[in-house]
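In structure tokens, one chain follows: the form predicted on its own.
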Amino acid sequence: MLKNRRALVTGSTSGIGLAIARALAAEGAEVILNGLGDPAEIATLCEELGASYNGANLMDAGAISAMMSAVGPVDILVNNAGMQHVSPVEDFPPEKWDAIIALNLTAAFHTTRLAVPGMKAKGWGRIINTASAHSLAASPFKSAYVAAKHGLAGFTKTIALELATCGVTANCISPGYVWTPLVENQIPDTMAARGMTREQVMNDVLLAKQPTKSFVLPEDVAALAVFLCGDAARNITGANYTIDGGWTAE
């Protein structure tokens, strides 16, 4: 379905991004990986997927520009890279705020602004932004993440309108809690912020949000990303699709 399409997926060396990269490659896309990780493991992933890799630091606008220039025109852009920090607002480290906004929101602006000219020239493009249920609802102690994801949803709507007559779509996918390193790594901070045990955080904070009482699978998100890249989704743009076990239905 995606043969001869080139796809850049940020934050794709693990978790949701890797699942999306695998799914796109399985549909015939030429994939460019980006993210952190052990070089040998990344090389193995590239071999597995027939992919290339660019390790640009997405919190550096200059590095993003260099990456986009090196990669060249892409047909599919998946802005997936993200980070999290959990803390009461009065204790929230300003440097953590800056980093989360830079990676979760500003990086998507830079990759998008540099990818759009090539998409417009070709008359075809797909921009998919991995947002979060936190693009629609808030949780305590996640001020920077919630702000960034709300911003990403608004940014997506805006570019969807700008590109509506260009053959380019822009959509958000907003998962609930997916069992990935990003979720696992925030458990200790949540334990400290709320004075809870690990089991309490899992059951009373994370899965309490999802009526299905189960984590979303990365492959669930990847399947939706593939659909949004297909011809059947040509008139889907500016949408924010939730995969959250019913969280935002409440």
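Small disclaimer: the values here were computed from a predicted structure and weren't measured. The numbering used is simple: start at 1 and walk along the sequence shown.
This next part talks about the form predicted together with a small molecule, which is not shown.
- Interface residue remark: residue 59 is counted as part of the site for the small molecule in the predicted complex, having a heavy atom within 4.5 Å.
- In the predicted complex, the small molecule stays beyond 4.5 Å of every heavy atom belonging to residue 238.
- For the chain shown alone, residue 178 is a contact residue for the small molecule in the predicted complex, at least one non-hydrogen atom being within 4.5 angstroms.
- Residue contact with the small molecule in the predicted complex: residue 131 places a heavy atom within 4.5 Å of it.
- Scanning 81, 136, 116, 71 against the small molecule in the predicted complex with a 4.5 Å heavy atom cut-off leaves one residue, 81.
- Only one segment in the set 142-150, 88-96, 158-166, 118-126 has residues whose heavy atoms sit within 4.5 Å of the small molecule in the predicted complex; it is 142-150.
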